[in-house]
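Before any questions on binding or motion, here is one chain by itself as structure tokens, the form predicted on its own.
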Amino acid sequence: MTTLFSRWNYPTTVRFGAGRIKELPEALAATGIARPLFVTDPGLARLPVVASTLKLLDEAKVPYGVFSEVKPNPVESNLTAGIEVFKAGGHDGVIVFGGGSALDLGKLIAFQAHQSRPVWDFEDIGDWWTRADASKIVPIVAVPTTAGTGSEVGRAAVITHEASHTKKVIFHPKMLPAIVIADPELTVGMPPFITAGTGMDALAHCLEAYCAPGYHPMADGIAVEGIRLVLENLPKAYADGTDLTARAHMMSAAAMGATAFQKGLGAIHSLSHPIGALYDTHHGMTNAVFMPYVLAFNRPAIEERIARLAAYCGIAGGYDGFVAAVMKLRGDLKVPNTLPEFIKGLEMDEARKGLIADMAIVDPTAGGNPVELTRAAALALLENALAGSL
């Protein structure tokens, strides 16, 4: 008999619904934040959605600072600059506002600002998180404006190590935001490409969590419903960005994916991370490119599980029917089928392919793949994604 032994964690308080951004000042008070640093990305910082949110703080007489030097794949220099602004402004908490990049970097600023060790000492390896002084981590209020990473309900953040061009996952339980304001109205302005990429990221999170080995039936259940929500609502949100019902379901699916993937991720992310670090690609869209190739590679281990998933989602044909649905979704969203279609002018020699394979097999997500991701397997998957071979 298999021993059922695991550890489960679940998200924080989520204030979900259209218009709830108006509760931001009260959420800050509830978490004890009196002087927040507002962290967002440079694109969002110029848009009316940020101006209207900051106006809420002005009207509530909440003093704040703004930091927006965030790359699409955040790097250490972004973190260093953010910490300098945080300390100079005498801030006591962070509002993270935006997509995964802004959320991750803002969480890292809150975590790292008062630590005495370098951020790399807290990589998600073993119990490295215990090296941090938990009493010095400041509170976070998270406001997602995309529906993809689910970082708003996560206890980790991803940052690129510039010297090695590798993505590192930094983990600490107190990196979990104290309150999340999930307002689907904030996602209405997302352009179709970002809607597609972030939505496919949510799908990848749910799908890889569901397929990961290990005992976590609650994560499995959340992942399955998250997948159904994506399949039914992402095409609607992509076709009509003002469809608030579809936007709300996608926002739920994103949070569900991040909740579920505490069970594990897999080769979709293992390969996506080095591509993103080396070519600065959109993470969710990179996941979308790799998805069918990894599904095919994992088929021997997941076929039965995928058949159950397909039945739940109302898809006929078991594993093959589910893959067909994924391929149709990719086509409807104009997801590039291959890496050369995705990264224009891509040239990749054998040394670069080997480097990506080496990076993939040591990525922290590799261990969650249901089929062992060897170097040879990573190379084969990469070749398939380059050639479009399924």
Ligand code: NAD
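These numbers come from a predicted model, not from an experiment. One rule holds for the numbers: they count along the sequence shown, beginning at 1.
Not on display, but discussed next: the form predicted in complex with ligand NAD.
Taking non-hydrogen atoms only, Ala248 never approaches ligand NAD to within 4.5 angstroms in the model of the complex. Ligand NAD is not drawn, but in the model of the complex it has no heavy atom within 4.5 Å of Pro217. Remark: Gly354 does not count among the residues lining ligand NAD in the model of the complex, judged by a heavy atom distance of 4.5 Å or less. By the criterion of a heavy atom within 4.5 Å, Ile95 is excluded from the residues contacting ligand NAD in the model of the complex. Out of the listed residues Gly266, Gly82, Pro274, Gly100, Gly100 is the one that sits within 4.5 Å of ligand NAD in the model of the complex by at least one heavy atom. Met190 is the sole member of Ala212, Met256, Met190, Ala288 with a non-hydrogen atom within 4.5 Å of ligand NAD in the model of the complex. You can rule out all but one of 300-308, 314-322, 122-130, 141-149: in the model of the complex, only 141-149 has residues with a heavy atom within 4.5 Å of ligand NAD.
Applying a 4.5 Å heavy atom cutoff to ligand NAD in the model of the complex picks out His282, His283 from 275-310, in order along the sequence.
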